[in-house]
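Presented as structure tokens, the chain that follows is alone, the form predicted on its own.
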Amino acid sequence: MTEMRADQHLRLDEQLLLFMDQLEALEEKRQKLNSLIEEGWFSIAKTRYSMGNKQVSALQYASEMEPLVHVEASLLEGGTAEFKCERRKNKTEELKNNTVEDIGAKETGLRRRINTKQKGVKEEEEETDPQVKTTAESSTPEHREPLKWFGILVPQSLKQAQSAFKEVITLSAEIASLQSEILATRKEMQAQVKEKQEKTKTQPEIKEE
């Protein structure tokens, strides 16, 4: 009986230590998250100061936007939820890469034909070649990279803001996963405390003679 009680106390102590470690890690991540958010907004403020408020606002957003980050949630065995950030290429970039490959293949074929035809045919093909490129480029939407919404040459502060907020997204997923683990640990610890109290109540008192 004494060994069972000692084992129960030991498991409860381990859960308590784990719970404290998780709370400490959560506090560190939250502080880092707040620091990154402040850094990101400060960089945006610097960009607006150098470029102007109207040049860095929602008015520059693209008419069609695609998410570059997807958050996947999964339920683990212990009942905890895990969140992962997955960065994907948008469909317009993939379309552009495929288009560039097709154009390259066509150019090779055109150059081979040029060697077998007369000069007049050369000039016609050279004139139509840029048109093919222009049509292919115009077939894909512009401003695929969010930074290009605000211009071709953007300040370094805007790039720093983008980098900070990218890290914020990843860190937010880590915090959400850690919070789920903390709730599961607390629930298990409360169950062990309740079990210990019930055993203490049902245990018969030993009377001293």
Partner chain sequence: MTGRGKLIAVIGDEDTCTGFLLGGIGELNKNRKPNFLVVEKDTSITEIEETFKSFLARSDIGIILINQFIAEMIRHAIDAHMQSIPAVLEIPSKEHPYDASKDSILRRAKGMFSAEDFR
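Positions refer to the first chain, counted from 1. The shown structure was predicted, so the numbers you read here are calculated from the model rather than taken from an experiment. Rigid core (definition): largest C-alpha set, two forms, superposition within 1.5 Å.
One more form of this protein exists, namely the form predicted together with the partner chain; it is left out here, but the text below deals with it.
- Is E39 close enough to touch the partner chain in the predicted complex, meaning at least one heavy atom pair within 4.5 Å? No, E39 stays farther than 4.5 Å from the partner chain in the predicted complex.
Just checking whether N34 would be counted as a contact of the partner chain in the predicted complex - the rule being heavy atoms within 4.5 angstroms. N34: yes, in contact with the partner chain in the predicted complex.
Is the gap between E64 and the partner chain in the predicted complex 4.5 Å or less for some heavy atom pair? The answer is yes: E64 has a heavy atom within 4.5 Å of the partner chain.
- Query: With the cut-off set at 4.5 Å between non-hydrogen atoms, does L153 touch the partner chain in the predicted complex?
  - Reply: L153: no, not in contact with the partner chain in the predicted complex.
Taking the partner chain in the predicted complex, which residues along 18-32 bring a heavy atom to within 4.5 Å of it? Result: F19, L23, L26, R30.
| said: Checking F165 here: with the core superposed, does its CA move 2 Å or more between the shown form and the other one? | reply: No, shifts by less than 2 Å.
- Core-superposed C-alpha of V154 shifting 2 Å or more between the shown form and the other one: Comparing the forms between the shown form and the other one, which are aligned on their rigid core, V154 does shift its C-alpha by 2 Å or more.
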